[in-house]
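Have a look below at one chain only, the form predicted alone, in structure tokens format.
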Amino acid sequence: MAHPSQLGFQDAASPVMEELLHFHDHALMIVFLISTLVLYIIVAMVTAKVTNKYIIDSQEIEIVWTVLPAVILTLIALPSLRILYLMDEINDPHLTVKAMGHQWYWSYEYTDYENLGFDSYMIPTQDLSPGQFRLLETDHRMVVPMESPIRVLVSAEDVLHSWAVPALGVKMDGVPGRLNQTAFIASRPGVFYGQCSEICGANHSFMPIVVEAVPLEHFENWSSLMLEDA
């Protein structure tokens, strides 16, 4: 859950998000070192009283500023590609949920069950209970079992939408007439909030996403109750 004046990412709730956080720290450290080096060179050149007349035609400097950026880019690209392929990997999901974007709400369908689906609308501010978050709470949450691979099929009925939950490290566009997929594993129980991340009209800001990760036993009880009410 994000909090006021937060500068970094939300706490990771999935293995992929943990990898993304590690890569962010890795890339940020490289950027910090490069910025420090460039600042030092600028200060040194400005404050120096003498100038080396051979520095303009120095072959050694040419080699250094050609090879060094290539090495730095490699150090950034390799971890980035590793995470990119890791995010695309979907192996034997235990549960598949279809998320359909509408103007302006989400609908969910648990395709492993015969008749388990519901619409998820934002709770208006005047109807919130104490402790609930404004513009983030929904009347129905997407409940999933923790520590299980979950596949999410994302599409849209009308215009472009985007299903995104930062704490889980997932963001997938919903395109009308096309079915995209992503996956995640909730590594701990909790309630994780997201929002539509593609401008989709006047009420784009009012279609939140709430994912609740629970132990498997609780998920089975919830799904049984939902099927009884259907």
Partner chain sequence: MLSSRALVRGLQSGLWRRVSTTSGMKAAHAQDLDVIDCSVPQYNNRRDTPLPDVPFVQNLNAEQKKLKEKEKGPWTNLTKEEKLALYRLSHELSYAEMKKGSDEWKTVIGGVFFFLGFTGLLVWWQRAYVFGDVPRTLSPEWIEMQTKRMLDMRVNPVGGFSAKWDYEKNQWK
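All of these numbers come straight from a predicted model, not from anything done at the bench. Residue numbers count along the first chain shown, from 1.
The form predicted in complex with the partner chain exists for this protein as well; it is not shown, and the discussion that follows is about that form.
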Within 4.5 Å of the partner chain in the predicted bound form, heavy atom basis, the matching stretch of 114-122, 101-109, 153-161, 137-145 is 137-145
If we define contact as a non-hydrogen atom of the residue within 4.5 angstroms of the partner, is K53 a contact of the partner chain in the predicted bound form?
yes
Although the partner chain is absent from this view, report whether S129 comes within 4.5 Å of it in the predicted bound form, heavy atoms only.
yes
Using a 4.5 angstroms cut-off on non-hydrogen atoms, would L227 count as touching the partner chain in the predicted bound form?
no
E220: heavy atom within 4.5 Å of the partner chain in the predicted bound form?
no
All three of A2, Q6 and V191 touching the partner chain in the predicted bound form at 4.5 Å, heavy atom to heavy atom?
yes
Using a 4.5 Å heavy atom cutoff, which residues in 82-103 contact the partner chain in the predicted bound form? It's fine if the answer is none.
none
